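Here's a solo chain for you in structure tokens, the form predicted alone.
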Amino acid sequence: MLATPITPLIDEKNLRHVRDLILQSSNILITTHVSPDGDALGSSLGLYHHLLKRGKKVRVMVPNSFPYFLKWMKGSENILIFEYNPEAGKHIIDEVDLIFCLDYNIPKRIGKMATHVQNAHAKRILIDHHPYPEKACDVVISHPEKSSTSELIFRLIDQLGEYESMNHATAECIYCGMMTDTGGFTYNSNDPEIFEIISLLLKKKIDKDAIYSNVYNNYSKDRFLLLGFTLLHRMKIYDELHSALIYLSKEDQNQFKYNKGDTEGFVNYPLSIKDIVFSTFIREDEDYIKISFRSQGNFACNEFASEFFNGGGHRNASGGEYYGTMKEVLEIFENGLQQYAQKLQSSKR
């Protein structure tokens, strides 16, 4: 029997399968996507702490490093970073008997780990909230309508009847993931049960104000200088299309001693401008160009991401990538705006 008023979401067959796989496994690996964000780490570490409490051998492995403002979460110091030692990472993947695939819908989102995870003898459980998940895993729990993968981890624990045994560390990580994937509960968070879940997490004695401060009041001085430069020199407004663009080259970032995570949230700033419903942030990385999209109201930025940048995501929050020059990606973006002009002009906040 469920210990909380949260509506059951996960199919009973999947729930039984997950329960059985956890019981049968002694060596568990939790994986998440490239450039892990708050939801990726919150869901992974939340599940990590819960499984540790059950006496399992558990590790979390991520493809590459993650932002400094997420390193306060308990257990983050134990996360294995695949790119630092791929051979050791491959050995760990080969020896485990159960792999959780959290917050990614297709293998390519875990980068160079993908082939090893796909070829592993271990059973795989996918838990995610992005559309169009791969079906190759032994269990697929996919709910794109939900706010975050962290919310799904809470619901899994709850439906397993284990809310009462949930510890403080698990609750703290889950809250962080839910908070960051909704912009502090400012978008994709109209489901009343989200706040029921928050109430239940607060009963585990988490300090939501401290969590907020750890994430959003923990930036470097250089990050703020970079933000000022971006808004002043690298922002373009397309008034008639209710759209905004900000972009940064590698040279721009190097001027301000860029560290991973320094541009987190930049894409949201133009949405504060009156009548802007579509914001895009284009950032040049080492091997490719990363593109983030945010929208408000009825404009589906994930459709734009899919059509022009091999991307996807949610209606109001999505991303893509491009392998080429900044000049090329800006041209593709502006051509895309013209093709979507009618939808943009008729969109509402």
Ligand code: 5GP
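Start at 1 and count along the sequence shown; that's the residue number. All figures in this text were calculated on a predicted structure; none of them were measured in a lab.
A second form of this protein, the form predicted together with guanosine-5'-monophosphate, is not displayed here; the remarks below concern that form.
Judged against guanosine-5'-monophosphate in the model of the complex with a 4.5 angstroms heavy atom cut-off, the residues 294, 313 and 320 are in contact without exception.
130 is the sole member of 116, 146, 223, 130 with a non-hydrogen atom within 4.5 Å of guanosine-5'-monophosphate in the model of the complex.
Screening 124, 242, 155, 109 for any heavy atom within 4.5 Å of guanosine-5'-monophosphate in the model of the complex leaves a single hit, 109. Note that among 23-31, 47-55, 284-292, 66-74, the stretch whose heavy atoms approach guanosine-5'-monophosphate to within 4.5 Å in the model of the complex is 284-292.
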